[in-house]
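Single chain ahead, written as structure tokens, the form predicted on its own.
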């Protein structure tokens, strides 16, 4: 009996030693993010029965501060998600594992399948990758097919010129025209036109700002016309969905979230609206701004290999589908970083096609040093042109000077 008892105790001790726990903190402003990831964790646990999970959602407003506190105390989550800039920022402070150094095969695979614009944003200038893309948010154009047709407009505007002509026809027909919601009258909403014109925020090696290039000036002049010539609303967050529903603003540009919220919030216009890529600029490109979140492993974790193995699993087709399906159940459109898996999204075929097409032509914020500190200067420059009539070149020269100064800090 004593031998059996000892054997049982040893077996129990061995099981306890083998058991591992993953604590995951996910940014989000409601509990849905934890709900979305849980089914993927359940799938993983089915094949790794000794692994347990603690998954919680952290408000965006508190996330960065909480992560810094966890890094300082070396206690808290093993895996985190955060804004696109979190990876480089926390990683360069020693808070996240250098994934490209410690897990090169994994990061090489991620680079092959993740959305390219986001990868550019989250990779440090020396090629280091501290975090991988987790999910995506991208701009789209939404339009009322019936209202445009009544004004003599055939389909979605495909170019800058088409867009201007469409707004002119809508205003002539008694409508207010078009609006931008996400980042309205600021650097984020200017961003796609900068890239569509062939410009960039910085040169490819992050040695200087090139926002004040001829292409940047062309983009700002065109962008300014939205507000000065075509009278688009300038408030911080115009109600695009209400504008579409009323027909006052039959064209609107905002994030992909409206693909999910419009059918629920404005059911009376279901079947009367479509989504499309942004109109193409002089380069022929329809580049949109893309955001989202990244996922990284805390440097103090005692289970780094397990954490990375779970992150690898989240990039598999079964895990992606589980998260898409879970998001759909709670009324959220969750877009995976693997754009080849976007076909699994539960959307009407035409809306899904528009989203997938835009994901192929989208860029994220700069990965250059000092960009986070420079955003306000770019915002002020753009708004000085829109609201005060400042010369576009003069305004962008001032923004570039601040960006260059911050590059050297």
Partner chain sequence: MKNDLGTQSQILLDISKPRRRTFVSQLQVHTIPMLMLLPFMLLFLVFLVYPVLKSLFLSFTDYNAVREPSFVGLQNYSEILHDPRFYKALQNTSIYTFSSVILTNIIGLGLAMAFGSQRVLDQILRGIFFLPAVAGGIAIATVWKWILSSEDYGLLNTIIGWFGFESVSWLGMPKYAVPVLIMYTVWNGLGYSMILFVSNLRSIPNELYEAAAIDGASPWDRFVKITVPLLRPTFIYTTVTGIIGAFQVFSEPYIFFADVHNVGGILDSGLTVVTYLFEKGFYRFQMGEASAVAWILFAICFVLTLINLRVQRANESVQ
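In this text the structure is predicted, and so the values were computed from the model without any measurement. Residue numbers count along the first chain shown, from 1.
The same protein has a further form, the form predicted in complex with the partner chain, not shown here; the description that follows concerns it.
Asker: Exactly one of 312, 274, 176, 338 has a non-hydrogen atom within 4.5 Å of the partner chain in the predicted complex; which residue is it?
Answerer: Checking each option against the partner chain in the predicted complex, the one that comes within 4.5 Å is 176.
Asker: Since exactly one of 113, 150, 242, 330 fits, which has a heavy atom within 4.5 Å of the partner chain in the predicted complex?
Answerer: The residue from 113, 150, 242, 330 that makes the contact is 242.
Asker: So, residue 128 and the partner chain: in the predicted complex, are they within 4.5 Å at any heavy atom pair?
Answerer: Because no heavy atom of residue 128 falls inside 4.5 Å of the partner chain in the predicted complex, the answer is no.
Asker: Find out whether any non-hydrogen atom of residue 262 is located within 4.5 angstroms of the partner chain in the predicted complex, and reply yes or no.
Answerer: No - in the predicted complex, heavy atoms of residue 262 and the partner chain never come within 4.5 Å of each other.
Asker: Look up in the predicted complex whether residue 228 has a non-hydrogen atom within 4.5 angstroms of the partner chain, and give yes or no.
Answerer: Residue 228: no contact with the partner chain in the predicted complex.
Asker: Indicate whether residue 248 is a 4.5 Å heavy atom neighbour of the partner chain in the predicted complex.
Answerer: Contact check for residue 248: yes, within 4.5 Å of the partner chain in the predicted complex.
Asker: Heavy atoms within 4.5 Å of the partner chain in the predicted complex: which stretch in 101-109, 277-285, 209-217, 186-194 meets that?
Answerer: That would be 186-194.
Asker: Could you list the residues in 381-409 that come within 4.5 Å of the partner chain in the predicted complex, counting only heavy atoms and keeping sequence order?
Answerer: Heavy-atom contacts to the partner chain in the predicted complex: 383, 384, 387, 388.
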